[in-house]
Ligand SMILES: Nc1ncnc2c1ncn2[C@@H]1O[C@H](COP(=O)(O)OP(=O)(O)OP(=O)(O)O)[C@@H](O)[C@H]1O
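Read the single chain below, which is given as structure tokens and is the form predicted alone.
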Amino acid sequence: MPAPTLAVDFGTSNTAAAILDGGTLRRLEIEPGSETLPTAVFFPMRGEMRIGSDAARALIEGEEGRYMRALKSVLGTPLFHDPRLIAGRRRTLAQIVTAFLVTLRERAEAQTGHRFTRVLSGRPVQFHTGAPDRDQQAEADLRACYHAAGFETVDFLFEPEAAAIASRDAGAAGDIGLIVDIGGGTSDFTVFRGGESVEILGSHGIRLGGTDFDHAVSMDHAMPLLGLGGQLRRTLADGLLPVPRGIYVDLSTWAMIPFLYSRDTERLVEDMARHAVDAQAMERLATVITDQLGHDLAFAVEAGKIAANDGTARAMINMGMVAPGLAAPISQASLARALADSRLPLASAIRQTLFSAGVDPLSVGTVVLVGGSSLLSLVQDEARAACPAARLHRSEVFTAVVDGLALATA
């Protein structure tokens, strides 16, 4: 009997795998005790690459090496094929994604006893908004990684359409539903008619996701404590110059953090520190770069964002790894201000999805929330505003896509 097709939701932040086993959906534990794992890798200076929670654990425990996350966001860009020195070896991100998928396949095979040669992978509706050539390149990049990882047949399905298949019973049979899938790197939307057989009415997507929200929160709350918004004294003239933003933009971007750890960056920060009006803030930035604390800081920003969204009193972004007692206060109000620029793109994308599907917003009976970032208040506010007659339904936010992919292999 041939092996089933492996369903893989290779996400910016998390990855999951599943199969149909005798017609029954079966999610695979691709790391012990968990049906999902962080899409992250760690390359120690000695030893084998680690993925998922093992990678995060190595980072937290301070092991010497290189941690990388949000690899999916670089698909379709020249950086994906650019060799970089990582933990003593020159590697491309394409090779790193391939190695991640090899480990995923091997774990799935060990757990099921099957040898998987066919994969159905999710993909966003648009890897890159308004850039069809780059979007096609991103799919080609990911397809090549799957082939290099040992899969002979590689097919793709839009992630929100997979979520619609998994959510076919979210409303009454024949009702119209809207998938709002906010992942780590993209926001994807599908209008569908539910029932035993799901009818897809239209899909749309934009390049905006949880990592962008983290970036906005970091730039607004954390980076000012490292000198963003400050001033530099001129070397050979009077007057002041603004502190350059570029290094803070990269330090707030998950995929770019590893590439800041270079002697060139250290020299840049040293020069900024010599001329900074706020020397203490710039010394903190130097600590982040020299001690390679960028990912620790990004995790702290993410945790602060979640706490503020949940309404935690006196929520903080804990920056104690940079300097003892250092923290950036964050509240629901300040979080809303930091994310304000995301509201219009989200609202416009939802309206575009409904328009392309030919659906009156008032006819949508259920909005299905998918992806960890769909739990943000701003996402739910925009979904309610766009579909005022609909009820909000929280799916299995981290596994709805892989569930639908597995069901689609039938």
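Remember, it's a predicted structure, so these values are computed and weren't measured experimentally. Numbers follow the displayed sequence, beginning with 1.
The same protein also exists as the form predicted in complex with the ligand; that form is not shown, yet it is the one meant from here on.
Asks: Of 366 to 374, 350 to 358, 25 to 33, 52 to 60, which is the one stretch near the ligand in the predicted bound form, taking non-hydrogen atoms within 4.5 angstroms as near?
Replies: Among the listed stretches, the partner-contacting one is 366 to 374.
Asks: With the partner left out of view, is T211 within 4.5 angstroms of the ligand in the predicted bound form by any non-hydrogen atom?
Replies: Close contact exists here: in the predicted bound form, T211 approaches the ligand to within 4.5 Å, heavy atoms only.
Asks: Contact with the ligand in the predicted bound form for E302, defined as at least one heavy atom pair within 4.5 Å: yes or no?
Replies: E302: yes, in contact with the ligand in the predicted bound form.
Asks: Flag S395 as yes or no: does it have a non-hydrogen atom within 4.5 angstroms of any non-hydrogen atom of the ligand in the predicted bound form?
Replies: No - in the predicted bound form, heavy atoms of S395 and the ligand never come within 4.5 Å of each other.
Asks: So in the predicted bound form, does any heavy atom of G194 sit within 4.5 Å of the ligand?
Replies: No.
Asks: Each of N14, E159 and T186 having a non-hydrogen atom within 4.5 Å of the ligand in the predicted bound form: is that the case here?
Replies: Yes, all three are in contact.
Asks: Going by heavy atoms, what in 59 to 85 lies within 4.5 angstroms of the ligand in the predicted bound form?
Replies: Read in sequence order, the lone residue that approaches the ligand (within 4.5 Å, in the predicted bound form) is K72.
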